[in-house]
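Just one chain is shown here, as structure tokens, and it is the form predicted on its own.
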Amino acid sequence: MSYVPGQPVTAVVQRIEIHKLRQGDNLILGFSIGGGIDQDPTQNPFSEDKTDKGIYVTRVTEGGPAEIAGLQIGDKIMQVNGWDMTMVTHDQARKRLTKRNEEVVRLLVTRQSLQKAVQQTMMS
């Protein structure tokens, strides 16, 4: 799915709620991200046309809060706790996800398998 600035975004999304795991003074989400408007989209392995500057999940810790919640490698993060994530830098995305005063992170994500399932349903 590519995004054209100034055009509406059409995506099939899934809601995922992650309860952060407390380890000492840290709250752990159990996943890593890549991408952002300040990154080179040609290096994004999840961008089909190599122009997408979205925020993608690049790693999910086995047995961690993100995996338990259903997050998958390759998921594109569209929103975090209601904040739009389609036009943010990598650092802005990281800060939005790791806010100390938020023990629950509510994501809207899209993934290629969701998009393809809806397209197949519409074609049948």
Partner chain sequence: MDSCTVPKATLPYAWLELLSPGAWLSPSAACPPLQNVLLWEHLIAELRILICNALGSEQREQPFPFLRAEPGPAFKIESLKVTVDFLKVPLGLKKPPLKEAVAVPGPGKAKPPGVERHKPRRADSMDNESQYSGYSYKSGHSRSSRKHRDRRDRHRSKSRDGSRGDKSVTIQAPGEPLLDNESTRGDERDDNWGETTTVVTGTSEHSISHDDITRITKDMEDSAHLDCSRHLGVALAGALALLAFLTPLAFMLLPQLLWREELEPCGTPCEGLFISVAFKLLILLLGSWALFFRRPKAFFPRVFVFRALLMVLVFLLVVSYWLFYGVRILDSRDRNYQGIVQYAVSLVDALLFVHYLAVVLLELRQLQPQFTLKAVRSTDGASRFYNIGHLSIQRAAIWILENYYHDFPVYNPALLNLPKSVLSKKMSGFKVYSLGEENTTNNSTGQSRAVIAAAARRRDNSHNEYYYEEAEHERRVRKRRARLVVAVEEAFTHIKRLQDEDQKNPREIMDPREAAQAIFASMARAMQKYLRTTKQQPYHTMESILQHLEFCITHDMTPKAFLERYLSAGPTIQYHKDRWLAKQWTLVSEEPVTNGLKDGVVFVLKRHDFSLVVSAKKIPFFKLSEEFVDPKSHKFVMRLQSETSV
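This structure is a prediction, so every number in the text was calculated from the model and none was measured. Numbering follows the first chain given and starts at 1.
What comes next is about the form predicted in complex with the partner chain, which does not appear here.
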{"query": "Leu29, Ile37 and Asn44 each touching the partner chain in the predicted bound form (heavy atom, 4.5 Å)", "finding": "yes"}
{"query": "Contact flag, Val80 vs the partner chain in the predicted bound form, heavy atom cut 4.5 Å", "finding": "no"}
{"query": "Gln92: touches the partner chain in the predicted bound form, heavy atom cutoff 4.5 angstroms", "finding": "no"}
{"query": "Touches the partner chain in the predicted bound form: Val88 (any heavy atom, 4.5 Å)", "finding": "no"}
{"query": "Gln72: touches the partner chain in the predicted bound form, heavy atom cutoff 4.5 angstroms", "finding": "no"}
